[in-house]
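Before any questions on binding or motion, here is one chain by itself as structure tokens, the form predicted alone.
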């Protein structure tokens, strides 16, 4: 029977819950807002399948990507966080009668995995979502679709890919596994609290939130809240949820010891933003987004056939994608942050209090202060 005694050793992939033959495992949320498996000892038959399937207990080093590519798919650039590779891949799978699984934003603004069999359903999966998605019975559904002879493309974080791969057990030629160069994941509990706080702040019934809108800039993207016929765009560098995520404060405990970086998830493809495009592929740098594709398997190589790609230097490509290979450090105030989270009366103000002022923040502040001083001197004169 599975027992989580060290939360850093559980990635929340749900493989144990899905494989349990008597369905005695449920995912239960902890005080930090992350879901963990809990087994009912009265129903458990001690088969050991839940422990055997856990991807955290049998990790392996990857050999490294076969190819490193830069890509832009013009017809899918609009509405994509980066270069439009995901919808291009998804359209190929659905066009052949297959099924695509990916994270969607639900009407209640929770994030979960769903399936798509057509282009319209794939649209819901586009765009980054910086919160751990709820998988529900996605693994079981994937296994069923494969048994029916359908092609399946499953996209997710590296730990979700590793969990599904362990759950399926054998190599399935019709299963394409696509992960992202994952920074880490905040929990759904914190996200739900933040959505409520935003609704109160803006005095609106929120019906959509987009984490990365690149209308202004791909590099300096906006966090956009929509509702009641209007939208509010905030530069991501000023949104406390985004800042705490990027500063590693709100990540799941396992993210700080993730064994699935460097391609260790067993995925066929890894997708990311090519942040270092100015060096790796300068001719593609127009600040509208370029995708980085790491091709990990021959199946992955076949899947990108026909896409407009350019092979690039791997070292240059990963120069500004440190999350692909390096685990983040646990922030000094992380425990303090989560201890006081539930009693905070002003959640947004509370979160701002934990934002670390980086040299860039200080530089901007000093510049603003200097400018204000000059204006005051001019007024006095």
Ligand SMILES: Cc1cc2nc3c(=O)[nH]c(=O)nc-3n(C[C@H](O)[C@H](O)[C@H](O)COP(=O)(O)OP(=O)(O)OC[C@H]3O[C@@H](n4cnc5c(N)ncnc54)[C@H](O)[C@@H]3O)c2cc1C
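It should be emphasised that the depicted structure is a prediction, and the values quoted were computed from it without experimental measurement. Positions refer to the first chain, counted from 1.
What comes next is about the form predicted in complex with the named molecule, which is not displayed.
- Stretch-level contact analysis of 272 to 280, 187 to 195, 200 to 208, 230 to 238 against the named molecule in the predicted bound form, using heavy atoms and a 4.5 Å limit, identifies 272 to 280.
- Contact check at 4.5 Å (heavy atoms) against the named molecule in the predicted bound form: none of 117, 152 and 267 pass.
- This chain is drawn without the named molecule; in the predicted bound form, the residue among 284, 99, 181, 255 with a heavy atom within 4.5 Å of it is 181.
- Put simply, of 164, 85, 177, 294 only one has a heavy atom within 4.5 Å of the named molecule in the predicted bound form, and it is 85.
- The named molecule in the predicted bound form is approached by residue 129, whose closest heavy atom lies within 4.5 angstroms of it.
- Within this chain, residue 321 lines the site of the named molecule in the predicted bound form, having a heavy atom no more than 4.5 Å away.
- Residue 212 belongs to the set of residues with a heavy atom inside 4.5 Å of the named molecule in the predicted bound form.
- Within 4.5 Å of any heavy atom of the named molecule in the predicted bound form lies no heavy atom of residue 262.
- In sequence order, 155, 156, 157, 160 are the residues of 141 to 161 having a heavy atom within 4.5 Å of the named molecule in the predicted bound form; the partner itself is omitted from this view.
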